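The chain below stands alone and is given as structure tokens, in the form predicted alone.
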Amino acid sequence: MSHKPFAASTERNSLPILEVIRREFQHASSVLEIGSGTGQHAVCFGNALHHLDWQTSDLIENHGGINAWLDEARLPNVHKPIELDVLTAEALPQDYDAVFSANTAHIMSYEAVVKMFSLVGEALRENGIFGLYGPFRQRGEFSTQSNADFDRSLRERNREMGIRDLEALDKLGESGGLVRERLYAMPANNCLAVWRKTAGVSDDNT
């Protein structure tokens, strides 16, 4: 139990996120979480939403912490993590009704964000949902000074990181048939953006 990783921010945001995905994923059965981190979200959401078959994933170095949470919770609908690096993945392992990711886009390189949206577009079934939680810019502007300061600190740490522009993410989604339907304001100046995989999208994006 002492070896479980713990993120205070994840503890704080779990219930607000849960209230959104309870609504958005109500018709889903299979969910892939990209970047499960500590595993706290998977345990919280899987425990509350028994109808969801929740597949965790992350880089291999994070699997031990995720498994510590899953081993303690023993939830039959939440599965041990698969190794997933969006930069190197050729495809996601199956089709899903929903994909969820939290606090990933701003710590990835933009190249990785592009690849993530491509993979999600391919992996989602028709009418599937992609929920992405985190801070965003809108129309190139930060919603708060604290987000601007956070973006600056990210880029000072690694110039590949940074808070992403929501309209740029919309354009990435379009190439894979993802259309943003809703944007939920969340605590601590974050948002949860929801895209849907639209019908009739060709795999040929040329």
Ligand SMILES: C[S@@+](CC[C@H](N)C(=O)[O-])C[C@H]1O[C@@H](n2cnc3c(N)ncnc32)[C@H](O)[C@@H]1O
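Note that residue numbering follows the sequence shown and begins at 1. This is a predicted model, so every value here is computed, not measured.
The next section is about a form of this same protein that is not shown, the form predicted in complex with the named molecule.
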Candidate spot Leu84, Asn103 and Met108, all three in 4.5 Å heavy atom range of the named molecule in the predicted bound form? yes
Of the options Leu70, Leu169, Ile34, Val31, which one has a non-hydrogen atom that comes within 4.5 Å of the named molecule in the predicted bound form? Ile34
Among the candidates Val179, Ala148, Ala48, Leu59, the residue which, in the predicted bound form, approaches the named molecule to within 4.5 Å (heavy atoms): Leu59
Of 108-116, 91-99, 71-79, 123-131, which is the one stretch near the named molecule in the predicted bound form, taking non-hydrogen atoms within 4.5 angstroms as near? 108-116
Whether Thr198 contacts the named molecule in the predicted bound form should be assessed with a 4.5 Å heavy atom distance threshold; does it? no
Non-hydrogen atom contact Thr10 with the named molecule in the predicted bound form at 4.5 angstroms: yes
